[in-house]
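Only one chain comes next, encoded as structure tokens, the form predicted alone.
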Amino acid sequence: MLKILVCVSGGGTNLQAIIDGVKNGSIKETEIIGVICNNAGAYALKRAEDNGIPGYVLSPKNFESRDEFNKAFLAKVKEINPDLIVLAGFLVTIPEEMTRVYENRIINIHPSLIPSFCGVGYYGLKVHEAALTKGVKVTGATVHFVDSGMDTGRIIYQKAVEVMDGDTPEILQKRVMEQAEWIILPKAVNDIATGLIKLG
């Protein structure tokens, strides 16, 4: 059984996609053992609660320094003791020590086809705004392993999504979620759980 910890900052739609996959059997041999959120008011915590998953709030704002937060964050993750950490819209930089301790055991979903529109400053709607400004005809989402860089880890899956005339960042964001993110993130978790993708 693959024990996963999901880290999220907002509404938790990708978390929900994983919850649904575990429930309907499309994600096999997987248990969500915790959700960490940096925003106490995030709807993701309600999703966790509704599904009997322990939820934890850990925000850099509640610590004297980023270093103290990083230590507390790593300590909490070690206490939860997951096999895999899934970043599902988590807008907090992962401490370098955590990427070392959990090397090849952290995956992230990013709402573009890496290496396009990724790295520092590219998150959430900003990614889709950049794609529309550039005028790309195809965008998508990427699941990748997390290393000490920003969106630089080994790519696991990508899925392309067409950009339509008249798209706003919000419309494009929704299409990328529905046609790419909610498909390839659960697939990656399942393929890790069933041994198709090896950790470590």
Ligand code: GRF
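Because the structure is a prediction, the values reported are computed rather than measured. Start at 1 and count along the sequence shown; that's the residue number.
The following text describes the form predicted in complex with this ligand, which does not appear among the structures shown.
Of the stretches 155-163, 169-177, 60-68, 25-33, only 169-177 has residues with a heavy atom within 4.5 Å of this ligand in the predicted complex. At a distance threshold of 4.5 angstroms between non-hydrogen atoms, T13 is in contact with this ligand in the predicted complex.
Proximity of I107 to this ligand in the predicted complex: non-hydrogen atoms within 4.5 Å are absent; the residue sits far from the partner. This ligand in the predicted complex is approached by A88, whose closest heavy atom lies within 4.5 angstroms of it.
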